[in-house]
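There is one chain below, alone, in structure tokens, taken in the form predicted on its own.
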Amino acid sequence: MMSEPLLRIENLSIEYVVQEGTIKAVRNASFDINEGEIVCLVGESGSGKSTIGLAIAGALPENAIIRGGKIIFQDHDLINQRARTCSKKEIMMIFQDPAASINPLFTIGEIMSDVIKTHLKVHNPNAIKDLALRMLRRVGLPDPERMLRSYPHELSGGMLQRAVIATALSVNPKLLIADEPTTMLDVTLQAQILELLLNLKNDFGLSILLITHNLGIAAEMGGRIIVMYCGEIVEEASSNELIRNPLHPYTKGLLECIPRTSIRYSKLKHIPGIMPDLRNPPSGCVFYGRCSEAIQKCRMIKPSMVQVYENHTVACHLYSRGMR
């Protein structure tokens, strides 16, 4: 008998109310995350991936409205505030710019102490310090005693991101949401942070939702990849399967945008066109206006998610019954 997933998103729809109108940021998104699994949510800026992460973490801004759907975590719907309170310490989130996500007026020790007190209800100063030091060592930070006394501006970007990860893991969460955690770092540090996340996943039995615009990073992390475009999920498969055999024209376009040292380019490839206005998204396929493989049906009829191969699904009329 298969166990229930740790997290289940069902037909989630989220809108932002702004002065110019209502932005339909996420529409009918559905996916699961199992215990100990890495799931990578991939798409360009504005695709809705960060909005889903914020919704799971309970950190949506005030102008966001969940119009429908469910966020089921350990059999509790997190849209219900009481369930959200019960699951608060079991879901933690880290962001792409650690300096912007923590208060610069407090030391790392004070920040970690506040998180531990709030979520673990530990108030013994020695116990709090021991746990903080242990977590800072675990994420590979040198001289953790000095780190506790340091202010955020005194640490490099890579060191600060490690400190933020240590803070998140100090409460022993079951799900870690990492929203573009390497974007602000150079290439060498990116690799180190990704390796750290993989090691922590194995050591702590974590489930990780990695949000990224970079399919190369998603492929490195392994696990499962979910591709989003214009607020909708358009393809889902294991990382190996999706990189080897992309189906959706948008996924193919993202892969072609990754530069390869084995290929000589006169200029780098890109996906032509721009994302449609999410205040009034298209009635048919959301990628229709930028798709080189579009057929007339795509303009008016929204494609359903269909399974093409085992554990590989896509929302594209090219793979509907009778098309291929």
Partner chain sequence: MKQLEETRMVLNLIIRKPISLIALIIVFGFVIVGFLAPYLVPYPEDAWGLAYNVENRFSPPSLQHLFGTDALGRDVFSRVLLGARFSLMIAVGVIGIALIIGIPVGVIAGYYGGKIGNFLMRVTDMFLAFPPLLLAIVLAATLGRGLLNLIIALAISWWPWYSRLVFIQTNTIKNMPYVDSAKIAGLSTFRILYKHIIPNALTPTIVQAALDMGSAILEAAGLSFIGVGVKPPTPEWGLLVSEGWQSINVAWWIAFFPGLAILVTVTGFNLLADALRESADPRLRRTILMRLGIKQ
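Quick caveat: nothing in here was measured; it's all calculated off a predicted structure. Residue numbers count along the first chain shown, from 1.
Quick note: we don't show the form predicted in complex with the partner chain, though the next part is all about it.
For the candidate set 280, 296, 63, 292, a heavy atom within 4.5 Å of the partner chain in the predicted bound form is found for exactly one residue, namely 63. Although the partner is absent here, residue 70 is not a contact residue: none of its heavy atoms lies within 4.5 angstroms of the partner chain in the predicted bound form.
Contact annotation for residue 22: at least one heavy atom lies within 4.5 Å of the partner chain in the predicted bound form. Put simply, residue 17 is close to the partner chain in the predicted bound form: some heavy atom of it is within 4.5 Å.
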